[in-house]
Ligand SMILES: C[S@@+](CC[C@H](N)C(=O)[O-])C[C@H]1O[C@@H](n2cnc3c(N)ncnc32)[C@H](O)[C@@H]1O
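The chain below stands alone and is given in structure tokens; this is the form predicted on its own.
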Amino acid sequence: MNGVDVYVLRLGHRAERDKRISTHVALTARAFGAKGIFFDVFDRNLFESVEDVVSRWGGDFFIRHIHSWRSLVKNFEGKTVHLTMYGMPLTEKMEELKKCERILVTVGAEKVPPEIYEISDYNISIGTQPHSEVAALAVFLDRILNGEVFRKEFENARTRIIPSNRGKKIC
């Protein structure tokens, strides 16, 4: 297991337009090994949905509303990464990032403020073509956390899937 603690910042959530994709960002962050996610917009339904998943499927993942994303990024004790198709390829910075103890990775919902490019320690791309922020986050977490998603066990899970070639097995 990798020693990097990763946290996610979802920047610019629009409650009506982004509720499903933002939920997927949070669930991907949890499943792939992030410690928690911060949102700069409070959406009660989204927060309750994610908290319900954590209570049923286990783990200590958190979801929190923050009032100032700028303050979080500027004061984060660790390295800050902004996922953008305009950044440096992850493959060029991966070994450097794996040496970090803590990473805050930002994924945008809408066009992000230009300031995020300036105040982040790294602007990292997962390819240079338009694609989903969910896909970018999944690839980033998989690579930085060395495939932890395939080994991760969630404590206090009330629901678990038993891998099966056919059918669905749940305990």
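What you see is a predicted model; the values in this text were computed from it and never measured. Numbering starts at 1 and follows the sequence shown.
Same protein, other form: the form predicted in complex with the named molecule, not shown, and the subject of what follows.
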(request) Tell me the stretch among 141-149, 44-52, 29-37, 110-118 that has any heavy atom within 4.5 angstroms of the named molecule in the model of the complex. (result) 110-118
(message) By the heavy atom within 4.5 Å rule, which residue out of 70, 131, 102, 65 makes contact with the named molecule in the model of the complex?
(response) 131
(request) State yes or no: in the model of the complex, is some non-hydrogen atom of residue 94 no more than 4.5 angstroms from a non-hydrogen atom of the named molecule? (result) no
